[in-house]
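To begin, one chain is listed below as structure tokens, in the form predicted on its own.
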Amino acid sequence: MQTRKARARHWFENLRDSIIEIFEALEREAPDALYPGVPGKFERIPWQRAKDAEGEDLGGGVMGMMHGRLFEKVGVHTSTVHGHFADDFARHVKGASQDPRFWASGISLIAHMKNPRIPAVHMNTRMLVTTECWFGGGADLNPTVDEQRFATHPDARYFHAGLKQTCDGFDPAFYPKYSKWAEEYFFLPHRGEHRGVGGIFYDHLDADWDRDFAFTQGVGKTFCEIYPALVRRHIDEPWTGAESAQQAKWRGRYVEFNLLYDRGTTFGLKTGGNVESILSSMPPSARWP
């Protein structure tokens, strides 16, 4: 298990470094006429959890933040933490009701773009160990102009096609199951509407460790291909004030989901994670009527 933990952590941190490199390259590519100013660069901010009563190190992580001219706000974070779940939370975590000890490592990112015609995106993958061990995560696309918020839009079709290809390489049942899960999960019941156009969401993947890890790696690799392609598809397109207003509205929906329903937000806060990292998913600006 210790070897598996080390392999997973190494992958998540290497994936973070690859995504940061890709995103900084896109920042430099952005045309000056639409995106004036100096291209942004990521700042890496290490953090540690508070030690327990016995003085044991409980892990931590690295926040990767960039406020750029193309990426208005983007966070690419990794963490590796361990300790004990609080009793009330342990009852809701697989394998933790009788023994609250846990270990978790993963990567999480959210990109909010300056140009509303470039969809916002979220991706995270993780490995969690209690008395059991599993992988979870996924990726979902969050367009911020009305005309792009349909499953039939070319951006949504492209994003889903890439994830489907990855899923099909492991199990043809994965994509129907995980895309439906994403559709149901990324939904705001109080609004009666979806957060975006979905993607995939999976959890408690524990059939075969090596295959499950390979699938989780595949999701990360696929993201590194499909999202930069979508950015480049729209990077030269100007936008209107009306589209910026739509962006502010849909960013508000993103805030509502993350604060009310997101499991990752709850997990981070319940396990003593870094508050700034957890809430860095919030957009730089939003609007409510």
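No experiment lies behind these values; they were computed from the predicted model shown. Heads up: residue numbers just count along the shown sequence, starting at 1.
From this point on, the text means the form predicted together with another copy of the chain, which you will not see here.
Is Lys73 one of the residues lying within 4.5 Å of another copy of the chain in the model of the complex, judged by heavy atom distances?
Answer yes; at least one heavy atom of Lys73 falls within 4.5 Å of another copy of the chain in the model of the complex.
| request: Tell me, yes or no, whether Leu269 is in contact with another copy of the chain in the model of the complex, where a contact means a heavy atom of each within 4.5 Å. | output: Looking in the model of the complex, residue contacts with another copy of the chain include Leu269, since a heavy atom lies within 4.5 Å.
* Quick one: is Arg101 in contact with another copy of the chain in the model of the complex, heavy atoms, 4.5 Å cut-off? -> Taking the distances in the model of the complex, the answer for Arg101 is no, it never comes within 4.5 Å of another copy of the chain.
With heavy atoms only and a cut-off of 4.5 Å, decide whether Glu21 touches another copy of the chain in the model of the complex. Judged by the heavy-atom cut-off of 4.5 Å, Glu21 is well away from another copy of the chain in the model of the complex.
Taking 4.5 angstroms as the heavy atom distance cut-off, pick the stretch from 45-53, 22-30, 259-267, 230-238 that is near another copy of the chain in the model of the complex.
Going by heavy atoms within 4.5 Å, the stretch is 259-267.
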